[in-house]
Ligand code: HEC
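Below, in structure tokens: the form predicted on its own, a single chain.
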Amino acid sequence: MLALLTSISVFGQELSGDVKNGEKLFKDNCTACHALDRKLTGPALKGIVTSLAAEGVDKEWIHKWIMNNEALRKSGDKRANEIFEEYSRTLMDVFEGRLSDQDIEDILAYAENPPVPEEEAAPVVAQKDDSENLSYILLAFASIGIILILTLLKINQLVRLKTSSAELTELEAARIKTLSQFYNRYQGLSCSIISIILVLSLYGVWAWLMGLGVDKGYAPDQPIYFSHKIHAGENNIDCQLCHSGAKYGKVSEIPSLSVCMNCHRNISEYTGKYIEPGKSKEFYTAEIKKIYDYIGWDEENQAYTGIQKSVKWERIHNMPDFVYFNHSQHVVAGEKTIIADYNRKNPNNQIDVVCKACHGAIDTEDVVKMANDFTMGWCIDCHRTTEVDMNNGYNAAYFNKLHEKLKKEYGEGKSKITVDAIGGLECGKCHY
């Protein structure tokens, strides 16, 4: 068991600190620029006290560097300025007043002797016993064999009976052998069957035509695997951090890889607890490396190579060219009322952000799929039931006389202003 209090001697220097507290402080203050085992914006910090002690640097110098590296550089310290130049004059945060000497001691204890993390066991998918499956297959073949044998015996019996019976000869002569004979003998029944088949065929063709362009459940594979459950669910990243166009523009837009690199410049491997069944931490890490490959990021030198490749994402949601849809109009103006209307209709499936009303519980999905039909009828039903936000200052002033107008047109029952009452069903609103 790892002791929480570590006390070791490094080249004659006593290093003591609370490893557990040091791990927390390291993650809160250092991981934006440093990792234990690899170079990021700053150097790898595992065993940093040992490596510097071998070069004749004492622990007190490390304390000064962490506390206020700027002051140390301005004092003319040669090593401090060499490090500053080596890492492209990248400014390091000043922690004076934010960390105590004991806090730094805890961080150094953690960096010098970090605990080995316990590997999260990937969920085990239950597998059926192969012998049990084989038994079912053999039983099925045996049943089919018995049925075939009994059928052949019965056919053989009928053939022998036919050759020896005059009655069967008469029955054979009266037997209906073609569809035309059946139609002539049973015209009423035949016409009924033909009518039913025709109606079912026409309905099938109509249903097929109505399904054109309706791709609910469509979930294509993407060139870079991206789990919304990890990002929006486990890490609670707001949708609009990546899809900023949804709030301020007509189109939600697919975020560029530069947006991904805001985080993944320093997050080069997956260390989270959640693992999708059938996946592994190594799988997620490999997908992060794909981002580096596409955008041209040299992880070793922490610099862009300038060689980029285009990512050919498979588009999931795509309105036809003859349809006008504005994301910002719904996300900003309709946010409160859309959420309220959805929660009223779905008391057992409440939502907290407006995006889920159309795109489903995307924070629980590993692979994004089309969650609704997105047909004209689906939009019209929403416009007929969703109220206009009258708490909005603009709406309150613009529609202050609309209530009275609605009462005259629809009677006292139409006291709520829904989207259809302000032109939400007009063809020109969406088709122009």
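The structure presented is a predicted model; accordingly, all values stated were derived computationally and were not measured. Residue numbers run from 1 along the displayed sequence.
As for the form predicted together with this ligand, it is not shown, yet the points below apply to it.
Asks: Going by heavy atoms within 4.5 Å, which of 95-103, 180-188, 144-152, 295-303 lines up against this ligand in the predicted bound form?
Replies: Stretch with heavy atoms near the partner: 95-103.
Asks: Mark L91 yes when one of its heavy atoms lies within 4.5 Å of a heavy atom of this ligand in the predicted bound form, and no otherwise.
Replies: Result yes; L91 sits at the interface with this ligand in the predicted bound form.
Asks: Is G47 a contact residue for this ligand in the predicted bound form, using a 4.5 Å heavy atom cut-off?
Replies: Output for G47 is no: heavy atoms all beyond 4.5 Å of this ligand.
Asks: Classify P115 as contacting or not contacting this ligand in the predicted bound form by the rule of any non-hydrogen atom within 4.5 angstroms, answering yes or no.
Replies: Judged by the heavy-atom cut-off of 4.5 Å, P115 is well away from this ligand in the predicted bound form.
Asks: Is L36 a contact residue for this ligand in the predicted bound form, using a 4.5 Å heavy atom cut-off?
Replies: Contact check for L36: no, nothing within 4.5 Å of this ligand in the predicted bound form.
Asks: May I ask you to choose, among A340, I254, I194, A140, the residue with a heavy atom within 4.5 Å of this ligand in the predicted bound form?
Replies: The residue in contact is I254.
Asks: Though the partner is not shown here, which residues of 317-332 have a heavy atom within 4.5 Å of this ligand in the predicted bound form?
Replies: Contacts from 317-332: H317, N318, M319, P320, F322, V323, Y324, F325, H327, Q329, H330, V331.
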